[in-house]
Structures are given as structure tokens and as C-alpha cells.
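The chain below stands alone and is given in C-alpha cells; this is the form predicted alone.
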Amino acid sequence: MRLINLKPSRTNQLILALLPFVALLVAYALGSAARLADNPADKLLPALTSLADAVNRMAFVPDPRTGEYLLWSDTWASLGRLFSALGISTLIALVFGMIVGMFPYARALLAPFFAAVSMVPPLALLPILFIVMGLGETSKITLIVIGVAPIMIRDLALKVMELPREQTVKAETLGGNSWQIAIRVVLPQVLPRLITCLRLQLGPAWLFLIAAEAISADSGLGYRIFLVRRYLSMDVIFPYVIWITLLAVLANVLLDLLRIRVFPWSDLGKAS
């Protein structure tokens, strides 16, 4: 049998999925042990026990100065900014994506603009946002919106344009106006793609959030990472990076489950 036709069982899939993570953990443990054997004061690759101690200190021991559990307070601060920005971006993308995809005149007017804006490096705008909007939450949320919304708009517009023309023709034949076609024909078919767009933009959104928090914030996961880097506190930085990754993975999984639960028909075309 050809390799291309061999498919692993569910158990083997799980084992294969875990192998790279186990290999990375073993490599880190070996590298840490080797560096600490040469220099017990080495901070670059702290021992796994040091990482565990840092997690306990940041997550389960209140800060002496503020009385807060820093990992959780940083998490809530970052998630508040992230969810606000992604909610705004999703709404903007849905409205303008449908408008650009459905109406040729709107496409001629707005498509080149959104294409150009999507090419602007958002981090290059960060100083401008801080100058214009100040150092508060508005500039951080705006940065994420600028970074992800134009790309989501373009993606959704392409999805709308890919819908079979026969569907809108039949709706027009039955007397549907543009508003009715948008709500009853186009919207149900682009909502699954909207969730997928959101999943694909989680990584960039976290990138923009961490960058904004690193420059100007007094709380947040990115703020904490760049605060402790001056002390070479890798025992704090590594757990924070892993925690950010876990949050992003969890959000990705939950969004996909939401898509499957609400729009089960959107998986029918996928290969088993």
C-alpha cells in the first residue's frame, strides 16, 4: 500500500501529535541540565523546577505590593483588550465584507482602499496611534483593529463573490430586494467563513497586542514579559509565552467548535 493512502488511527494520531511537544520538552530539559552543570547561576535555560516555582509565584501567591495574583490580572487585562478589538474587527469585517462582495459600485470604491490598508505594517502606525490617541486602551485596541479588520474584510468579500450567481438570481426572481438577499441568502453562507477568518487572525492579533503592551501599559501579559526581561527572568518569560500560546490554541479550538455546532453543514465538504 502506498504511504499516501495510510491513515493513522485516533490513538496513533494523538501519539503523533504529542511527540513533537515531548521531544521539545526533553530537548529543553537536556539543554538546561547541560548549561546549569557548567554554570549553576545560568539564567538562559532555567530548570523545570524553576519554571514551576515561577508559575506558583505568579499565579498563586499574591503580589506583596498590589495584593493581586499577577498572572491572572495580566491575563484579564490582555483578554479584555483582545476581545474588544476582535469584536469590533468582526463587526466591521462582516458589514464591509458583505458590502464590497455584493455591490459592484461599493467594490470599485472600497476594495482598492481596503487592499492598500491591509498592506500597511500596523506596528509602524503604533507611534502615530500613541501620539494621536494617547497611551490608554483606545490606541491598543485600534492597533489590533487596523491589523486584522482589513484582511478579514478582503477575505469575506472574496467569499461573497464566490457564491453561485444562480442563488441571487433565484432570490431576485422571487421578488427579494438587496436587503433580503443580503440577510437571507448571503449572510448565512458567510458566517462560517467569518469564524474561520477570526481564527486565522488570532495569531496576528496577539502579536499586535503584545507589541502595544510592551511599549505602553501597566498590566497585561506583554507588559509583564517586557518588564521582567531587564532582569533576564526567563523563568517568568517562558511560562508567560506558553500561557499565551495555550490561550490562543484554546480560542482557536472553541471558535472551530462553535462553527461546527452552529453551522454543521459547513463541514460537509471536508474530506474525512
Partner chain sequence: MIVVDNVWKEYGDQIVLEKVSLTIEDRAFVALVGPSGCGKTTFLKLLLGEERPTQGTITLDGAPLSPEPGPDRGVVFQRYSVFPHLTVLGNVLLGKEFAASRFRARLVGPARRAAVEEARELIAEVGLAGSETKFPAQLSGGMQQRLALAQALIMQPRVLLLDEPFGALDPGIRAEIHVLMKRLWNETNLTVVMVTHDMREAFTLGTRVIAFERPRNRPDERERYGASLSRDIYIWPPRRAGQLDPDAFADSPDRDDPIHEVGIGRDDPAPSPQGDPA
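Positions refer to the first chain, counted from 1. Model, not experiment: these values are computed from the prediction.
The form predicted in complex with the partner chain exists for this protein as well; it is not shown, and the discussion that follows is about that form.
Between the options Ala116, Val169, Leu158, Leu109, the residue in contact with the partner chain in the predicted bound form by a heavy atom within 4.5 angstroms is Val169. Residue Pro188 is the only one of Gly87, Gly80, Pro188, Pro127 with a heavy atom lying within 4.5 Å of the partner chain in the predicted bound form. In the predicted bound form, the partner chain sits within 4.5 Å of a heavy atom belonging to Pro164. Put simply, Ile183 is close to the partner chain in the predicted bound form: some heavy atom of it is within 4.5 Å. In the predicted bound form, Tyr105 stays away from the partner chain, with no heavy atom inside 4.5 Å. Taking the partner from the other structure, the partner chain in the predicted bound form has a heavy atom within 4.5 Å of a heavy atom of Pro264.
None of 87-95, 188-196, 68-76, 136-144 except one has non-hydrogen atoms within 4.5 angstroms of the partner chain in the predicted bound form; the exception is 188-196.
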